[in-house]
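The data below hold one chain only, encoded as structure tokens and taken in the form predicted alone.
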């Protein structure tokens, strides 16, 4: 696969030379790993629509959803090599890349509310984090919401004690690994495109996902139980190959920035409704029994989660954790 990426990158590099002088449209290949009918899928379609509109057709955006081009572990390397120009990976992907601070978003129950989360992503903290990607040949453009995660498995889940010994799929993230271990589960890193089969065949017992991802990937068909833990956040950073972005004509870059800003507002405005609709559809199907936590059960999850903050402080930075907790404490 790496050889294929390198070969494609050499072709892409030739295509990227002097985009300002080309008469044909500038091509932006936008790859992602989720379905088109998710918040990210719809956001990428909105960006395509607006980018092509605002540039009067000087830019053409090609969308590749559902891991059509690359899986989780491959896509960021492909972007760095220039095989694709744009991605929207989950924030957990940047830890393995060497920018561990992004894994702060994986800490369970770190945000007191959606408003607190947005105060971070839309404020100085979020901007500073995106700037850390520059050294990796990546320009960060925006944060897109997906939603809060719920736990699912083939046994009832009410408290962390119910997770003991379960093999739980996670993204590649040391924080998520520590989280699952804190709950007594056995974390298993599996590519997103392979999760359904892993659940179906019993390679793993369960997983964590926002309802929209769970529904569009049909995970509810192979998970008998789920708990509305809302324990963690899944969001995305829309990123672009830095060399490609910096090489664009200034007017084109400005138009694409406007398209991204408008697409971001649209995506984040629909994310909650998409998750609410997905949850309603799964509940109606009757294939998964969803448990709403009592106050006492939620407290048990929160109490089991807080040691993860301390354990991961040296990895993501205690100062960053403190900054986010301060924002959370002062945001309704």
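Residue numbers count along the first chain shown, from 1. Remember, it's a predicted structure, so these values are computed and weren't measured experimentally.
The protein also exists as the form predicted together with a small molecule; that form is not presented, and the subsequent description refers to it.
Comment: the small molecule is not present in this chain, but in the predicted bound form one of 150, 117, 222, 234 has a heavy atom within 4.5 Å of it, namely 234. Of the candidates 177, 72, 162, 205, 72 is the one whose heavy atoms come within 4.5 Å of the small molecule in the predicted bound form; the others do not. The candidate spot formed by 93, 209 and 213 lies fully in contact with the small molecule in the predicted bound form, as each residue has a heavy atom within 4.5 Å of it. Partner contact region in the predicted bound form: 32-40, out of 298-306, 55-63, 269-277, 32-40, criterion any non-hydrogen atom within 4.5 Å of the small molecule. Using a 4.5 Å cutoff between non-hydrogen atoms, residue 80 does not count as a contact of the small molecule in the predicted bound form.
Of the heavy atoms in residue 85, none are within 4.5 Å of the small molecule in the predicted bound form. Among heavy atoms of residue 192, some come within 4.5 Å of the small molecule in the predicted bound form. In the predicted bound form, the small molecule sits within 4.5 Å of a heavy atom belonging to residue 171.
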